[in-house]
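As structure tokens, one chain now follows by itself in the form predicted on its own.
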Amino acid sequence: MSEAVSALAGARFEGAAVVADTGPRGMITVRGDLSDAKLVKAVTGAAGVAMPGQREARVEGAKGLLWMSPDELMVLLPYEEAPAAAEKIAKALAGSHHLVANVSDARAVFAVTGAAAREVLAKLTPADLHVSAFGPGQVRRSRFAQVAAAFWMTNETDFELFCFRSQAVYMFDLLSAAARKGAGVGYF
């Protein structure tokens, strides 16, 4: 079996903020009735965190749950754990209307860190990133230029985001250009 590699092999840019490919991440899309006790037990058991509410991110280390829509969650895990976890979740949901898909190899994950990280993302997405509108514990799906992506804050200054793997180079280039020293707009 071959070793998993990310789309950008650990690419990193350092400017006003740091943009970094975080490497392979286990990601499982789960669709179904988010109020179903079986679904809640299956996903919280896999991720080891509480069930998120609307537009919430519950992430602790490499594991977490992201609320993606009224009937969809993203389960975050270490890459090597995703296949078995997806199978276990699907078995737990047998007999109920659901979809469970390991999408780990279809996504690219980035960290944007540093004091200017909020401004870097704000230059690329129409989502309101003012500190009064978005902070740790929240998740958004939006666009970064022409790329569909989801993002959340890992602490008061740093973000993680993911997009389709096929758009990884374009996303990295967008984020890097927005993070160039001297490219700030002074919004925050």
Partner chain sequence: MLILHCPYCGVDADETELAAGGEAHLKRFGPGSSDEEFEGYLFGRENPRGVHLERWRHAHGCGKWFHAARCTATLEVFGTYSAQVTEPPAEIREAITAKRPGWSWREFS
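Numbering follows the first chain given and starts at 1. None of the values given here were measured: they were computed from a predicted structure.
Note that the form predicted in complex with its partner chain isn't included here; everything after this is about it.
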- Can you work out whether its partner chain is within 4.5 angstroms of a heavy atom in all three of 31, 68 and 143 in the predicted bound form? yes
- Considering its partner chain in the predicted bound form, find the one stretch among 42-50, 154-162, 22-30, 123-131 with heavy atoms no farther than 4.5 Å from it. 123-131
- Query: With the partner left out of view, is residue 148 within 4.5 angstroms of its partner chain in the predicted bound form by any non-hydrogen atom?
  - Reply: yes
- Task: Using the partner position in the predicted bound form, report whether residue 35 sits within 4.5 Å of its partner chain, counting heavy atoms only.
- Result: no
- Message: Check residue 63 for me: does it contact its partner chain in the predicted bound form (non-hydrogen atoms, 4.5 angstroms)?
- Response: no
- Note on the structure: When its partner chain is considered in the predicted bound form, the residues of 42-67 having a heavy atom within 4.5 Å of it are 54, 55, 67
